[in-house]
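Listed next as structure tokens is one chain, alone, in the form predicted on its own.
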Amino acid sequence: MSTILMEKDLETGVWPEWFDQSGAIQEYESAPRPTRKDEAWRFANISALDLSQFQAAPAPSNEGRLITASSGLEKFSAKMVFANNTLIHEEAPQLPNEVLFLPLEVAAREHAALFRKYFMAQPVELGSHKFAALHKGKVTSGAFLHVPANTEVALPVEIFHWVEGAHSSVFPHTLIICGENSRVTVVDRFQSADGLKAFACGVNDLHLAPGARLTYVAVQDWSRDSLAFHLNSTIVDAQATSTALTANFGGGFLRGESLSRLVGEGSRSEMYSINPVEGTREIDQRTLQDHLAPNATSDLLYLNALDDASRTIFSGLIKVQPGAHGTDAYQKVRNLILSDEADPNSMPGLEILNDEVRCSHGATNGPISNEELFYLQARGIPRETGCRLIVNGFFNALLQKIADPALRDYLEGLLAKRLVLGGTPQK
């Protein structure tokens, strides 16, 4: 049995009595371990899923340092900082009074009806239901954001999740509920405080009522040999728009699952991901664009740049239900291959149960363009620098889809720093 399960959490009794964590742990223990024979785990590195070496995270050792390091956007409406499953800092300098921005366990006690309606309300359908149960059984805190109807949060909300300590385990959770015609942007950061190997099992639930607009950005930067799960569900109602961007900068083995369910007519879901991968890192992403309502749109674009002996796996499905006429759905994966040893695996798919639709899907693999590299070298730019500029431009094309200029500039800065630290090919 994993030491995560054997050890008690630092805090007990944080949840109300109706929140059944023991049942979730039993579900985790009884669920079968994934195998490569499972279609949902095709091509995956099953050996990476050994949790026996991980343990409950200790109390954070230097809260002041982590609070200081939790500096992101120059202007923000509110911020929470978590370290080793514990809230260590919160502020809300420009958050409208009617917005609820609370620790998850406080929301469960004080707003039980709202919490119970939306917390992990969607089944995990893409393979990691066992680990979703582990998350529910071990989560002790997280961020709860409720934006009421007709409310706009002008500046982004920031959330920082830190892990420190060798073989520590963290269970970050973000629950966002957007009322009718509301507007909000959320930036979720996941970071290692010390670069040591850790385990993260995170969940985010995004719920959009009719007419709502949500921009959700997740920046994952766990240590380079950490094991991480990030499980997402997004529910989009009529005329609402969800824009979700994930930037995976860290992690030795990352399993990301994203389910986007369009339940209202005219709804829209935009799903984007940028993944610079090097060394022996592996990023395994599974997605579902589930169209239940008519005249809805989904757009998925995932970009991977693979160097050294890194691996990526993408398995995505566009599913159009019988009543979803007028569906407009796209799915595209692009792999920029920077090494002969890199191993991209892409499996886009369609399941269409309605004739009146427009859907397309595809995946491409290719090296850096020799013509582009020659152009840069002819102007005195060294080959290594030229490769880095091309990779940066490859990802920046996607970042242009972020409408907020300040947020876009911020992400471009994080990407540029990541590419300098991570390096690019010198071939």
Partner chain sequence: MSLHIENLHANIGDREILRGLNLEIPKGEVHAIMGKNGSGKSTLAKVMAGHPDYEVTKGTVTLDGLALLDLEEPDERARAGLFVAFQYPMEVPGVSIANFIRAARQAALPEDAELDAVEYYQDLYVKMDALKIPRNFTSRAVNEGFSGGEKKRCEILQLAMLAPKYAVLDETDSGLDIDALKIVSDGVNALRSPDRGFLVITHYQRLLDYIVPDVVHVMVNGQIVLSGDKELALKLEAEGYDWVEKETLATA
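Computed from a prediction, not measured in an experiment: that's the story for all the values here. Positions refer to the first chain, counted from 1.
Another form, the form predicted together with its partner chain, is not on view; read the next lines as being about it.
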Since the chain is shown here on its own, which stretch among 356-364, 66-74, 396-404, 48-56 would lie within 4.5 Å of its partner chain in the predicted bound form, judged by heavy atoms? 396-404
Can any non-hydrogen atom of R379 be found within 4.5 angstroms of its partner chain in the predicted bound form? yes
Taking the shortest heavy atom distance, is E371 within 4.5 Å of its partner chain in the predicted bound form? yes
Just to confirm, R42 within 4.5 Å of its partner chain in the predicted bound form by heavy atoms? no
With the partner left out of view, is A31 within 4.5 angstroms of its partner chain in the predicted bound form by any non-hydrogen atom? no
